[in-house]
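Only one chain comes next, encoded as structure tokens, the form predicted on its own.
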Amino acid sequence: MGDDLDMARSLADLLRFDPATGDLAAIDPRGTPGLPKAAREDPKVWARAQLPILGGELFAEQEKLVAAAKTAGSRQRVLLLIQAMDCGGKDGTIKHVVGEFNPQGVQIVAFGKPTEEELAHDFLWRIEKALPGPGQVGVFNRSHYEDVLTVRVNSLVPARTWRARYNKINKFEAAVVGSGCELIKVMLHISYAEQRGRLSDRLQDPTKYWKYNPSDLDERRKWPAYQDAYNDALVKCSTDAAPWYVVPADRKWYRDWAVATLLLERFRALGLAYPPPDFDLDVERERLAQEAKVNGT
């Protein structure tokens, strides 16, 4: 089924893309790395049962993040960046995993075709504007990587332009991380066959017609070019400051479990804690007790 989640190796270790030896084509989109032995009898049922448990822990970590920002002036925030081929599961991941957070502290931004105003600026301009504030969990549905993926595959700018962007992305992400933002970059990796099945579902199910765009098939014909572009983005932009994680995503139940587990691991690594009170607890408890005596409650 999948490698046991060795106590010495986190799921982040298993999913992290190694730019020195990594090859996207060698990663099985139906794989389940890190799935523990406890899941093997019925992995789908097990993973789905784990999701609300993981969600509760993510909710608590998010609360600590918010509390530190509100009471201690912490600049810490978290940004989950999700990239995938069409039908890769970006929306599903946001619904099932990000949906476990308190929505008041989540900022979700979907990046589509740039507007005229955005095109008048550097490609990172709209990205920088959308970064989460202190105490927030930000989610990017697509990102600045479209400018070395879609832009490259469709020859929207000269090759020298998109090639120069890898270095700009690395410098930008290093600065973002250096400012106190935990950046978690996830590629949801699906197979060519799985994408076809999901496109077929959209054409068969009336509740999914709205998700289908005839241009999806045009883009599908460019699958090899997109795979090359993704591989280059992973190799050139998986850094110590901002590594890439590749999540096999043909199995939706594994995808959700893996992303939730990865998020929780990265949250825990921050060492978040509820801040101490900035007031005298004994004094405030006594005031509340006196009020109760006065009011007879």
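Quick note: we count residues from 1 along the sequence shown, nothing fancier. Just so we're clear, the structure is a prediction, and the values are computed from it rather than from any experiment.
Quick note: we don't show the form predicted in complex with a small molecule, though the next part is all about it.
Would you check whether the small molecule, in the predicted complex, lies within 4.5 angstroms of a non-hydrogen atom from each of Phe111, Glu146 and Thr150?
-> All of them do, each having a heavy atom within 4.5 Å of the partner.
Answer for Arg126 alone: is it within 4.5 Å of the small molecule in the predicted complex, judged on heavy atom distances?
-> Yes, Arg126 is a contact residue.
Does the 4.5 Å heavy atom contact test between Ala193 and the small molecule in the predicted complex come out positive?
-> Ala193 lies outside the contact set for the small molecule.
Report whether the minimum heavy atom distance between Leu203 and the small molecule in the predicted complex is within 4.5 Å.
-> It does not: once the small molecule is placed as it appears in the predicted complex, Leu203 has no heavy atom within 4.5 Å of it.
Would you check, heavy atoms only and a 4.5 Å threshold, whether Arg142 touches the small molecule in the predicted complex?
-> The answer is yes: Arg142 has a heavy atom within 4.5 Å of the small molecule.
In the predicted complex, which of the listed residues (Leu217, Ala225, Ala164, Leu156) lies with a heavy atom within 4.5 Å of the small molecule?
-> Only one option qualifies, and that one is Leu156.
From the candidate stretches 179-187, 93-101, 112-120, 73-81, select the single one in contact with the small molecule in the predicted complex, where contact means a heavy atom within 4.5 Å.
-> That would be 112-120.
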